[in-house]
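Given next are two forms of a protein chain, the same chain in both, each as structure tokens and marked structure 1 or structure 2.
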Structure 1
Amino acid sequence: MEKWRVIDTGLRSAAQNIALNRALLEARQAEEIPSTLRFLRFTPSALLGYHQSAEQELNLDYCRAHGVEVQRRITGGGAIYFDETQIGWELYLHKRDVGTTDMQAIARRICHAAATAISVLGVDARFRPRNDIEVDGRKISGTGGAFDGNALLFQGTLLIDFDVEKMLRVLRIPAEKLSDKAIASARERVANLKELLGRQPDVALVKSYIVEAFESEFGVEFSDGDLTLSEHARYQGALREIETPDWVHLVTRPLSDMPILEAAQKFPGGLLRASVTFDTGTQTIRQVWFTGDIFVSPRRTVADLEAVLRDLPIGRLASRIEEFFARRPVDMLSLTPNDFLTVVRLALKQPLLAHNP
């Protein structure tokens, strides 16, 4: 049976964790190390995707006031908040370990295994495309992956006792999403292990179940290990670059290039409001938030719609909304799919309402 390695690098700063990402991925690409499962934790950190600008994505004043470290990942994707209330897990694999470069197929396989591990704790965790793990429709783990040559880094988080409100305040989002009602709604979409189990989970036990699930999925056996001398050398070199303002601000774009546009309209089905982060350079909808006095069932429908509208070219807005509602039964009383389209288009036509919280 093939032997893989498991390491636990403990609680570290964002810069240290990102430097370790680079070190382990480079070492796996060079075949200096076996395929590896790494457990990790972060001190309070706001993590940008590699191509993102801190000014456009984060509430930097809040981060400075509350000691939240701002860092840039070596992988793409959106900005996220990470702290001690989450367990991070990462797989450093070779392409031959997964037999494909199809990231959706890889996510499905790895997330199914991770969901199995979480379910052993006594909750019904399931993979939800594209890359989430949920319990009763509430997100408990987000994941993502990237290739570097033949090496794959696949990352996941597991929420233990997560503070949703702090996450919302770290990110640059409309003030409307920070109302008591909006924060309560956001909490309903996220699941914490502590809340689900009614007690603080045994973190060591959680990790052991994750190890066993990946052993079973890949037909391997893990053995405890430490960072090698090669990894240490790569880590120190990476840290010298990453623990600097130049790395954090590698991409810098003005707020004016990504305004938050807002509009509200009264429909027969109720008042619907849209806040849209819009990339003026690429004419892309980066994110949409819907609020208002509306009834929608299932309740997660609005969150799902917001998810499918992320990073969407403006020309595909109408077809994406139409496709979304065509695929699922939704009860919205008198509200219609076209109402969502109308209020987003209204926001996009009103740049004078832009603001930059």
Structure 2
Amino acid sequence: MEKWRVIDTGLRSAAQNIALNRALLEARQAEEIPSTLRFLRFTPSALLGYHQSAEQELNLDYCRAHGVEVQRRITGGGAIYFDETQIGWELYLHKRDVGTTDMQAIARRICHAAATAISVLGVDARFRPRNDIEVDGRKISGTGGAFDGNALLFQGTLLIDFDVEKMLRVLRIPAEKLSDKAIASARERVANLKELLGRQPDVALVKSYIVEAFESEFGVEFSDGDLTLSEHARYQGALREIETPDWVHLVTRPLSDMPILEAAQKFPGGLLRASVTFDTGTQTIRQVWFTGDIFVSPRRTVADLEAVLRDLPIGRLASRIEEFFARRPVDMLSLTPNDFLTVVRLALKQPLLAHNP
């Protein structure tokens, strides 16, 4: 059976962890190391996706005042808050390990395996397209990937315990006011193992399940290892580039190009509010949060709708909402799919009003 390596690089700063991402991906690309599973932890950090801008995604004043390190990942996806209460897992693979060239299929396969590992603990974890792993509509693991030539890095978080309020303060997400309602609404969208299990999970056990799930998925056997000399050398080189303001601010876009727009409307089915993070340059909805005094069953419908509206050009909004509701039975009393469309469109009108008072 093919042998892959598992390493645990412990608690580190974001710059060190990301320099290790670069080092291991390069080493895998150069065929200096076997395919590898790495576990890692972070001191408090706000991590941008590779193409994101710190100004648009983070509350930088808060990060500065509270010692939250701001860093840029080499992987795609959205900004996350990462601290000691989460663990990270990462796979460094060669394209021939995954048996397909379809990048979305690769992400799906890895996420399914990770979800299986989490489910063994006694929670019903599943992959939700757009690369999140969720439990009953609540995100428990966010993921992202990077490729370089024939090498792939796919990484995920796993929320063992989680400070939702801190996340709300660090990230610029569509719930700007730090009201109890905003915190409650964030809690509906993220889950952590401690809360779901009603006890502190045994992290060593969690890791062993993750190892077993990937062994079974890829038909390989993992053995413990350490960083090699070539990885150390590559790491030192990468850290010199990554631990700099130039790297963190590699992409800068003004805050004004990505407003958070809000609207609320009373429908016969109840009050529905939409907060929309909108990229005015590409005319794309980055993220929507729906809240309000509404009844929707199953409960996870709203979270699923928010997931399919991520990174959506506004031209496709109406058809995406229509397709979403056409595909599933939903009980919303007198609320209609069109009400969701109406309230998002209302929110999107806000910048026009601002520019043309």
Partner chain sequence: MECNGCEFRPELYYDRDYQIWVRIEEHGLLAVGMTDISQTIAGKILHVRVRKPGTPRPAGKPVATIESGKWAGPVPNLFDCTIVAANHEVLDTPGLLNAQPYDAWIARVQPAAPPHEALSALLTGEAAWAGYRARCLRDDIRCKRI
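Keep in mind that what you see is a predicted model, and the values were worked out from it rather than measured. Note that the rigid core is defined as the largest set of C-alphas that superpose within 1.5 Å between two forms. One-based numbering along structure 1's sequence throughout.
Peer 1: Of these two forms of the chain, identify the one that is the form predicted in complex with its partner chain.
Peer 2: Only structure 2 matches the form predicted in complex with its partner chain.
Peer 1: If you line up the core, does residue 256 shift 2 angstroms or more at its C-alpha between the two structures?
Peer 2: Shift of 2 Å or more: no.
Peer 1: Using the rigid core as the reference frame, would you say residue 196 shifts its C-alpha by 2 Å or more between the two structures?
Peer 2: Residue 196: C-alpha displaced by 2 Å or more between the two structures.
Peer 1: For a quick test of reading the superposition: does residue 74 move by 2 Å or more at the CA between the two structures, rigid core aligned?
Peer 2: Comparing the forms between the two structures, which are aligned on their rigid core, residue 74 does not shift its C-alpha by 2 Å or more.
Peer 1: Keeping the rigid core fixed, work out how far the Cα of residue 130 travels between the two structures, to one decimal in Å.
Peer 2: That residue's C-alpha sits 4.3 Å away in the other form.
Peer 1: For residue 142, tell me the Cα shift between the two structures once the rigid core is superposed, in Å to one decimal.
Peer 2: That residue's C-alpha is offset by 2.8 Å.
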